[in-house]
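Quick heads-up: it's one chain on its own, the form predicted on its own, in structure tokens.
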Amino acid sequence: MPPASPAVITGIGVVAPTGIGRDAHWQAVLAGKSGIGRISRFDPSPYPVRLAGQVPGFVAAEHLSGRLIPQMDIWTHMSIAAADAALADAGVEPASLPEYDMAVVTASSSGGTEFGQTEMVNLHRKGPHWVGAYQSIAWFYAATTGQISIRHGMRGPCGVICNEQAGGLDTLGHARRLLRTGTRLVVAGGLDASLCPFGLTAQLANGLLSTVDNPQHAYRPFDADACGYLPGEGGAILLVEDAAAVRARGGRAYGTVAGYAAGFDPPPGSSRPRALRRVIEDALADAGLAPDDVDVVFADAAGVPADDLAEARAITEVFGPYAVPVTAPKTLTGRLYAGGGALDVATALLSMRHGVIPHTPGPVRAAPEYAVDLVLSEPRERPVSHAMVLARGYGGFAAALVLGRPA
């Protein structure tokens, strides 16, 4: 049996606090332009967390018909816009392809919390007759996969992955598996949008969010004064295709899905190590690479000292102390949950294309005990042939993805 053709990423669609669209996001990342600010969708003053990464200027009516908008949560509105952008970026017209050769696999953590909150308020204040029929689907974590599938007639093996931050990487690993079994094209990635009172309250329950009110100092991963992370909304949708099919249609790719691995941490109190080091090693082995082949690591960057230390140890145990540049542009957006890993992949692909490693705005100095080469102050211009993206999800999920330059 001949070797499988590589899985390549051909389209990028971004809806994020750093901007709407691939180019707007990349320019904001290079400039260190933050999308963090005071939550404006509701009054956050009664809550201990008042800052978040919010998507600027998103208008659902610019992307969807007025008939569809009331049927969906804003998270799905944004996801559809990102999927449309990814398809256009790749130059793919779904109507020209067999419907069962196309699949959709997205990641979701929160589902349609804002839509769900509105309907719950209507139920308790006005009664059951004020609850719309779309409550039954709009809150559902698979709603985005379903709506993208319906919109573009993609009837292949669709699904949704709920692994919090790790889920955005897991969708790409799953997309590669689908391509190897005959699917031609997969819409993958993820977004989240849970900036409503109900959603913020749920996020507060883990005790890991930063309560600092200064946007410049609230989210500082790997810094000696790290104090938690900030929430955010948005993410990225990516188009994954078989490399041979892309060449046949004269398309181009941003990069290959060279290696992937996922794992799960042991229960709290266990003597067994966390999964991240093993996941990094397994992803490198899957890609057939040595640690020295990786030019940059896009970190999960929890901003929680214990988690930052665990991630730094995993990185240094595999790559060596200060041996590979480490960056976390997500300080510009907050942690986007299911959208965070996918957006990091988009940023890493652009890093490879432009030969620039983006910096990590926010931290002033990396804590010396971490022993990581954290890219601070400004981007570094250098060729990037392979990039590794790391992501962890609350509850123990861990994933690593290796991206390579297209052949």
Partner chain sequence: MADPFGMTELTEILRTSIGLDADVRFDGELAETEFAELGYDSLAMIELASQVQRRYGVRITDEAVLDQMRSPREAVDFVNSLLAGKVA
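If you're wondering where the values come from, they're calculated on a predicted model, not measured in any experiment. Numbering follows the first chain given and starts at 1.
Beyond the structure shown, there is the form predicted together with the partner chain, which is absent from this document and is the topic of what follows.
With the partner omitted here, the stretch from 339-347, 58-66, 30-38, 362-370 that lies within 4.5 Å of the partner chain by heavy atoms in the model of the complex is 58-66. In summary, among the residues 137, 309, 285, 120, the only one with a non-hydrogen atom within 4.5 Å of the partner chain in the model of the complex is 137. Residue-level contacts in the model of the complex: of 125, 180, 129, 252, one residue has a heavy atom within 4.5 Å of the partner chain, and it is 129. The partner chain is not drawn, but in the model of the complex it has no heavy atom within 4.5 Å of residue 201. Among residues of the shown chain, residue 211 is not one whose heavy atoms approach the partner chain to within 4.5 Å in the model of the complex. Taking non-hydrogen atoms only, residue 248 never approaches the partner chain to within 4.5 angstroms in the model of the complex.
Taking the partner from the other structure, the partner chain in the model of the complex has a heavy atom within 4.5 Å of a heavy atom of residue 133.
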